[in-house]
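One chain is shown next in structure tokens, namely the form predicted alone.
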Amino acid sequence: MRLQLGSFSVSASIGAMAEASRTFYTTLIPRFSQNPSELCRSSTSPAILRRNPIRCSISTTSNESTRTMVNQKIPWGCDVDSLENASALQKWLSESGLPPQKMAIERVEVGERGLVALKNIRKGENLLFVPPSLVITADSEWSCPEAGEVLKRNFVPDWPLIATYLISEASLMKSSRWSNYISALPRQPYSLLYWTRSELDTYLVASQIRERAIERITDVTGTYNDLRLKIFSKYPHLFPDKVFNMETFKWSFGILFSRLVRLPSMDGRVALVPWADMLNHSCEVDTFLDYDRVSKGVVFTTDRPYQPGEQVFISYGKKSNGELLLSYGFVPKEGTNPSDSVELSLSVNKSDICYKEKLEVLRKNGLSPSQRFPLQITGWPLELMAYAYLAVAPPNMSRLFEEMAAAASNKTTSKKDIRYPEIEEQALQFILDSCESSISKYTKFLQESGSVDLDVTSPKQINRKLFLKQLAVDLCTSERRILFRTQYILRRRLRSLRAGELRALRIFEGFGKLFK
């Protein structure tokens, strides 16, 4: 990682986190094409493909319908903390080719249920060995082959294909070979997909994750509408509305966002890996699932030893607390996630005399007049500083606008570490103002969080609202901590700059008096 006075390059290793967060801004399904070469499998996880955006937003959903969707029960799966189907899952996996395991599913303190060591496990030991026959991919065999053929003829990408496959198999109940696996999946995944618009607006009002959640819900809604319009409505005997509807798609995408993994050694295929997806995340481990060509199974290599009774962890990736909440529905304890970050939004002022020129160079380099950048406890990306230079640059620096915009973009190979001493103070003050504006929003929410309205009739709803509120407080506390650190660094740098300017001014005045 390349650090410079609180800045880091997004092209460095920490940049993988920023790039992963940007993946979520893309949409889920392209326009259906008759040319398969137009579609490609993404190398990132989640493997989301671009399409022309669909004009469908959750903001158009009435409060009543949203409430109904939240309360509606999926007819398969189990409670998120239930072990009722765990023994049946383990038995089926063993009978279907899963080798003897050193772990078992149990209730745990972190994650409600997880895999716990039955025997001593050494550091560097390979575990799981889930065979490909027990892995769900886009090539898995359908119980209803005709439905699968229809989707593949229309070149549906992997994510929506697997989501539809999961619903199709789940609807068959005991008739599907995956019934024991599906019955052990949570009936309602912990995911921001299940937050209503009102809950997002109330609890995540200060966090940029709110916008990301709305984008994701809109993408899932748009994906379902595309499939319904272009495929489901044409084959109602294969895709009946009572099975393939918005609620079941929300469930299936919730499962994919929280459980689908990318396997680099299987050409980057995305897959659901039963048994392996019972492993919980820890910020303290750095081990991932992958396919082992020697053993011909999905494995992970432990990076620490485990004693019998200890929960075994993997890493879900170098994700911020907000990204973990977005996909998995949990927030690590404050200060425990070295990959934690918060997005800071910067905008070019529309009243800027050079607004049109700046807007042109921004768009040319794939940027917008309002851009979000990740801040970490260790600093901010060099791209953010370049964007700030452009935002405050006066007309007499117009010849440098293109250079600034190129440096602010992660889509170019231009030099990122640019310096303009004559406007550095203004650029730092611009970032500080945005930072402090964001801090004030977090502080207001945290101060008012004790007065959130919990007056509902259902005890379960009270528990749900308290739970969501606690998640939001934990997230906002961790994100504000990063903003406070950024504020401290910026103020210190500004004091240093201004002290240097003051010293230079006094020296200059001293020379003036000398010559007098």
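One rule holds for the numbers: they count along the sequence shown, beginning at 1. What you are looking at is a predicted structure, and each value in this text was computed from that prediction instead of being measured.
A second form of this protein, the form predicted together with a small molecule, is not displayed here; the remarks below concern that form.
You can rule out all but one of 109-117, 137-145, 371-379, 417-425: in the predicted complex, only 109-117 has residues with a heavy atom within 4.5 Å of the small molecule. Using a 4.5 Å cutoff between non-hydrogen atoms, M278 counts as a contact of the small molecule in the predicted complex. Using a 4.5 angstroms limit between non-hydrogen atoms, Y306 is distant from the small molecule in the predicted complex. Using a 4.5 Å cutoff between non-hydrogen atoms, F239 does not count as a contact of the small molecule in the predicted complex. In the predicted complex, at least one heavy atom of R259 sits within 4.5 Å of a heavy atom of the small molecule. Only one of F445, F430, W178, F330 comes within 4.5 Å of the small molecule in the predicted complex through a heavy atom, and that residue is F330.
When the small molecule is considered in the predicted complex, only one residue from F232, Y316, F249, Y387 comes within 4.5 Å through any heavy atom, namely Y316.
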